[in-house]
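Quick heads-up: it's one chain on its own, the form predicted on its own, in structure tokens.
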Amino acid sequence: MAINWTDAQIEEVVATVIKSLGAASETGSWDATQYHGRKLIGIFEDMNDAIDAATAGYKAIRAMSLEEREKVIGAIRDLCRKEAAAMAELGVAETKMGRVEHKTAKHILVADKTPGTADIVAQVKTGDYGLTLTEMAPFGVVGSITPSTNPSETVLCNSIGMVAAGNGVVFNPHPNAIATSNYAVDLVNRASASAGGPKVLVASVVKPTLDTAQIMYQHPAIRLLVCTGGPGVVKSVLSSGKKAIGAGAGNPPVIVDDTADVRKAGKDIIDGCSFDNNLPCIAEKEVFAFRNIADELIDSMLHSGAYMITHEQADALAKIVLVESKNPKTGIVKKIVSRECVGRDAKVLLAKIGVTVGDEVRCIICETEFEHPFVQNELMMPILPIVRVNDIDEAIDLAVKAEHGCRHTAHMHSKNIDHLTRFARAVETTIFVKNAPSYAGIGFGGEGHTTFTIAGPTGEGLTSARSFTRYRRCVMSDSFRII
């Protein structure tokens, strides 16, 4: 968060990355097999070969002691810190989403706060009839679907947790972030080899498609599927017939009542909403502010890097960032976010409606009605609608409706413990952040571990190594009770 990059610096970095990759063609395709002329390790043409390699990696890691496994994880953390900026630059260059300084911070967060083998804890029960030991065992080979919004961060976070649990991993990355995701796969394998682990611990494919995903879903060696992405891909994973962990979309609301530290709330909300241009699913997406403090809140936001647009400008921007999509099977037309706008800088989005601002503007704010598409749709852009409400009853009612039952994340700024408790109970989200920016919910400026796979649909919540294990019980009857 402390790094400040100018446009010129970012453009220079992006140009350097593209040149070093030698990978961006005139058609916009990327070479996902090399970086700087160095061949990436663990990247295969065929998904079956990738699964075979991950299976060999699983057998190798299973044969290692916990101490040896933790040594491999330590090497992954070290390389992740060392190459955080390079991966951030590559991610922005390839996907054209997010901010280099924020993606760098996210990689450091992954390295520092993703749980390792210490998360795997055995349970013991003794009684009159002996001793029972319950241990967390690996599934085997995990098939992981990763997003374009946090591509390398998710690959690295999942790799640390899944390897800590003793699994091998094969990835099917998002097609729009292949080079970045596969760079992270290569990093894990380089770290593993440097620490005495297998040369190929985790694997991926050159060209991930729906077909390679189907091979992953159906392959007998894959014992667990983990998906971080939109509702469509999560649904396909949950329909595979295998054990699955699904991390789906959200639309996190924020309530600010009249007991809050309003000046701090305004800054916190803009900091959270603008972080990596609102790509994290935990980020603030819409605000419900008490009428009697709304003006002060908006003023605080304007002094914290926000730019306010009019109702007419909001409607014009909505027509650009949300486009119509027709379902070929049902013929139903609905609004979806424009890929050209997701994760873009606020000034880039404002330029689309003829507004010119400088780099100091991080977020676009506007006052809207509850029914406005900015409130109802998860944009993943630094656009923040504000709805005025009369009291806590109206705020909770509208916030819960806007969250659409995703049960992902919600936020509240208040000093009224009753208000905080009522909203937390009503919204039922996996993460509930009080009086802080949204990223505190994943351990950035808050306590607790981090993850970029937040499993709301399947209930695991903020995943960690233990999420990727199965319980095994060993019973010794009538023995080893020494009391």
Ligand code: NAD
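Start at 1 and count along the sequence shown; that's the residue number. Quick caveat, the model's predicted, so the values are computed rather than measured.
Keep in mind that the form predicted in complex with this ligand is missing from the display, and what follows is about it.
Close approach of Leu210 to this ligand in the predicted complex, 4.5 Å, heavy atom: Output for Leu210 is yes: heavy atoms within 4.5 Å of this ligand.
Is there any non-hydrogen atom of Ser152 lying within 4.5 Å of this ligand in the predicted complex? Output for Ser152 is no: heavy atoms all beyond 4.5 Å of this ligand.
Under a 4.5 Å heavy atom criterion, is Gly74 part of the interface with this ligand in the predicted complex? So Gly74 does not count as contacting this ligand.
Contact test in the predicted complex: Gly305 vs this ligand, heavy atoms, 4.5 Å: Gly305: no contact with this ligand in the predicted complex.
Checking a candidate spot here: are Ile145, Ser236 and Glu378 all in contact with this ligand in the predicted complex (at least one heavy atom each within 4.5 Å)? Every residue of the candidate spot has a heavy atom within 4.5 Å of this ligand in the predicted complex.
When this ligand is placed as it is in the predicted complex, which of 327 to 335, 167 to 175, 192 to 200, 313 to 321 ends up with heavy atoms within 4.5 Å of it? Result of the contact check: 167 to 175.
Heavy atom within 4.5 Å of this ligand in the predicted complex - residue from Gly272, Gly248, Gly161, Pro138: Of the listed residues, the single hit is Gly248.
Please pick, from Ala32, Ala53, Ile454, Met47, the one residue with any non-hydrogen atom lying within 4.5 angstroms of this ligand in the predicted complex. After the contact test, the surviving option is Ile454.
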